[in-house]
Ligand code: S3P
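Below sits a lone chain in structure tokens, taken as the form predicted alone.
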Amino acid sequence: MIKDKSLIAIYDGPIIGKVEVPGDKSISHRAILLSMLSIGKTNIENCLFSDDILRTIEVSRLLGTKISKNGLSLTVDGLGLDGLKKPLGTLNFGNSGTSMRLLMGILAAQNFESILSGDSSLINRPMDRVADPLIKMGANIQTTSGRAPINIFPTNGLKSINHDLQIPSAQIKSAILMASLFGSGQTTIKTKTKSRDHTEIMLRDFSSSISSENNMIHITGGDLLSPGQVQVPGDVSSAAFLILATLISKSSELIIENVGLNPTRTGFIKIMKLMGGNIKTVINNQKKSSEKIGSIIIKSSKLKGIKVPKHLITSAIDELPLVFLAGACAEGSTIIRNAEELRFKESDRINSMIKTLNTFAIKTKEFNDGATIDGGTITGGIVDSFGDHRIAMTAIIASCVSEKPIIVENCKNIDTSFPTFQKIMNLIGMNIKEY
């Protein structure tokens, strides 16, 4: 068995510089899949090449798509809605929940059988929340007790539905939208809370008949036409690690350029500002993109504990482990509630962060839907990543204020979303090495 990678972080500081982060993971997934389903050839600029994205590329190729890579660009020859081919074997999605859930929507409409599986973490994540609305559309899907492996059988066609989305998940919403491309009539999705809307934005770029108003999304099936080029902005979820490292480090200032500033993804920045973070965002859409792109300017700040507003939870869902850490570095107590969705990520992120902070001698109180974190002094120590890339990176960021070095075990998972994390963090003033 290959030994996993452990990292040790000893802060040198300060955090200084002007950098860019790799392409957005969510947008890269969607760009590849919609390019596959469209008519024409698409060039995807600044695509992320993390492990999760490589799984999407591999599965797309197994379905018959011609994809070529040139530097940070990816060229995809579209197959159209009717061009997918039956895969020869089981489709392995590794750790990528986004890949699996979005492909469930696409494969639900095909005239061939497919089997979807993944690694030990992915097969323990809930998939019936995606399967149920697709079955409502006429899909023939069998999960394994609500999880993967998943068998998708041929169907005689999907029908349009009116669906009330109870869980504020962009992956569930996107799976329904993907399936709707193959159906007849208009599908309507009603959402209680606005979740990330990259799929809706990109579907418009690919000439889909989609509209959204208030909390309603309407889409009618039909061919997609390639726009020729898709520009992927820097990933704001990756930028969040750099933002918090700068805020909690002394005498630090950082500029992150060409990063996506989609309002459905900036909840973390808003939370940090409420905690007293000195952060400025500047929209600068010089690059051709339907997404908002700009710069983030961050300076060292004295953070204070807050009760995180409920309306910001969904737009900060992937960055909430960092909010736990920010609470540990803040004066007073930070309360995070209404975040039960964290328990269904790569790990149970509420419990993972509680265990991590307790190891660092930070006082916490765990709830079903969140926690209270009392600000204190982070002592350092040895922690596990719990098989979760965001927990691993968050624990490493804690070294910026730690009394002693921090060692994080099982860090290979960082490659699923941010393969250049160690290199970029060391470039701006951190000291992270293999242990």
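Here the structure is a predicted model, which is why all the values come from computation and not from measurement. Note that residue numbering begins at 1 and tracks the sequence as displayed.
From this point on, the text means the form predicted in complex with the named molecule, which you will not see here.
Shown alone, this chain has one stretch from 144-152, 218-226, 164-172, 354-362 that lies within 4.5 Å of the named molecule in the predicted complex by heavy atoms: 164-172. By the criterion of a heavy atom within 4.5 Å, Ser50 is excluded from the residues contacting the named molecule in the predicted complex. Shown alone here, Thr98 lies within 4.5 Å of the named molecule in the predicted complex, counting heavy atoms only. In the predicted complex, Ile317 approaches the named molecule with a heavy atom inside 4.5 Å. The shortest heavy atom separation between Lys270 and the named molecule in the predicted complex exceeds 4.5 Å. Put simply, of Ser38, Ser26, Thr56, Ser399 only one has a heavy atom within 4.5 Å of the named molecule in the predicted complex, and it is Ser26. This chain is drawn without the named molecule; in the predicted complex, the residue among Lys345, Lys194, Lys292, Lys304 with a heavy atom within 4.5 Å of it is Lys345.
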